[in-house]
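Single chain ahead, written as C-alpha cells, the form predicted alone.
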Amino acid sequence: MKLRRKIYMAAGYNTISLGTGRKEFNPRKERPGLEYYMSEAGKGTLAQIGGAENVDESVIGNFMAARFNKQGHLGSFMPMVDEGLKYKPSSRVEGACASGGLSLLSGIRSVLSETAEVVLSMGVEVQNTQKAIYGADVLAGAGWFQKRKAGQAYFFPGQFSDRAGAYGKKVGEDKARLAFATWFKNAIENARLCETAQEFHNTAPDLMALGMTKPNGKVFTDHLNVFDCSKVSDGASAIAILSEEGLNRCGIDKKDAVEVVGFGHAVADITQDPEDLTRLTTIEQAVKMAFDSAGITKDDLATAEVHDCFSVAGVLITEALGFANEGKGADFVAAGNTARNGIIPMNTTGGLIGWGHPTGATGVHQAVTIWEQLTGKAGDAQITIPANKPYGMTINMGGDDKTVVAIVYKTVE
C-alpha cells in the first residue's frame, strides 16, 4: 500500500533507560514513576515543536502499567505533561512489546486520514517495581498465558531459549553461540556511545568472553545465558508525527525530519506455537509489507533498529530481513556485518540488549534512533549514511513473533 499523503517524524526524545547497569539505579531507593518519565519525554518533544498548542492528538504505547504500576487510563495523563493538551484527544494502545510501534502506527494513520496534522507519539514502561522473577509472570502476558504453567520460571527467556536450542541444532551449537556472543558485544559497544542507554556505564573488559558463557539450565535457561537477554528497564520515548502542514505549523525544517515511506503490520495467532522455531515468520511478513509499501529492498537500507529482546532474535531477524539466507544468519553476524561499520549497522545505540527494553517505549525509541541517524543528530553514536542508501527501518515485535510493526524511513532532500 502506497501512502496517500506525505508523513514525517521529527523532534524525538528519550529519557534514560533505567535499571541494573546504570549508576543511578538503586533497588533499595524509591525510583521515578510513570508520571516522571511521561513528563520528561513529552516535554522534551513539545519543546522542539513549538509547544502543546501545535499538537492535535496524542497516543501512548504501554504494555502492563495496570500490573507493574497498578495504573490504567494512561491517555488522561497527557494534560499532566502539558496543560495545553487538556481536552485534546489522547489514547493508549497495547500490543505487548510492540506497543510503542502501535503508538507510531496509530499516529501515522491519524495523519494519513487527515484527522490530525501533528500527533505526539509516546511509549512508556516502568517495570522495576517488581523483582525479575515476579515480573516474569507479568511479562508472560505477552504470550498465551494458558502456557504459563508449562513454561519455565523465566517464561520468555525460556521461549527464546527453545528457539536458540533449535537454531543450534540447525547450524551447530558452537556457531550459534559465537553469533549470540558477537551480537551481545556489538550491543554493549554501541550502548557505550549513547548517554541514555542502560549499558552506557558498562566497562566490562572482555565482552566476547561474557557472551560466550555457557548456558546453564539449572540456574537460568538451557540455551541462553543472561547476557543474551535484554534487561528490565524503566523509561519513555516520544516523537512527533506530522504532515507537511504540521511541519510548517511547528516551524520544523524538512532537513530536521525523516519521511515515513512505508510500513507493515502483521499479527499471528497467540494461541499457536511458532510454525518453525528457527524462523520469525510474522516479522518476515511485516518486513515484506513494509518494503512493498515503500517500494524499496533491503539493499537500500543504511541502518535498522531491530527487536533483539534476546540475541537469538537479532540473529534470526537478519534472516527475516533477507540479509542472510535461512540458517546463515549466525555466519552473517559473526563476520561483523551488523556492527556499526558493517554491511547493515543494526541497533546503533545498543538495541534492547544495550540501550534497554522499557517494553511499551521500545518501538518509539527505535524510531527516535532512526530519526537521529538519518538527520545526523546521533552524537557519538552517529554512523555514516551513504547518499545512495537514504533509508532506515524499525522492527518492533510483541510476544514471541505475534505482533510486528515494521516502518521504513527516508532522509528528506
Partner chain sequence: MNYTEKLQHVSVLGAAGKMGSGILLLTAIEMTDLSLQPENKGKKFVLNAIDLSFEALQGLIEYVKVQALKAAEKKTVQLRKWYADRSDLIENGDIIQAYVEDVIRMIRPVTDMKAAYDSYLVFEAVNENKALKVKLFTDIDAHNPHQPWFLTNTSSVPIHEIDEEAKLNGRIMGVHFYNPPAIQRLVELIAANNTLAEVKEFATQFAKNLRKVIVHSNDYAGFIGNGHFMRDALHGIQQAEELMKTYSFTQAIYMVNKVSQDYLVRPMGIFQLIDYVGIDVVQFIMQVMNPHLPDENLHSELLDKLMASGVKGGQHADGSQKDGFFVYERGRIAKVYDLNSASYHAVDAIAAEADAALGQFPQGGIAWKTILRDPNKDQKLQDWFHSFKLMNDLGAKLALKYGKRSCEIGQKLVDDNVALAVEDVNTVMMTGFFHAYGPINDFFAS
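Residue numbers count along the first chain shown, from 1. What you are looking at is a predicted structure, and each value in this text was computed from that prediction instead of being measured.
Keep in mind that the form predicted together with the partner chain is missing from the display, and what follows is about it.
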Check your understanding: Does the partner chain come within 4.5 Å of any heavy atom of residue 86 in the predicted bound form?
Key -> no
Would residue 133 count as a contact of the partner chain in the predicted bound form, using a 4.5 angstroms cut-off between non-hydrogen atoms? yes
Any non-hydrogen atom of residue 148 within 4.5 angstroms of the partner chain in the predicted bound form: yes
Mark residue 291 yes when one of its heavy atoms lies within 4.5 Å of a heavy atom of the partner chain in the predicted bound form, and no otherwise. no
The one option of 129, 152, 213, 71 with any heavy atom within 4.5 Å of the partner chain in the predicted bound form is 152
As a check of understanding, the residue in 323, 220, 227, 77 with any heavy atom within 4.5 Å of the partner chain in the predicted bound form should be identified as 220
Note: the partner chain not shown here; in the predicted bound form, the stretch from 99-107, 253-261, 281-289, 135-143 having heavy atoms within 4.5 Å of it is 135-143
Restricting to 39-73, the residues within 4.5 Å of the partner chain in the predicted bound form through any heavy atom are 67
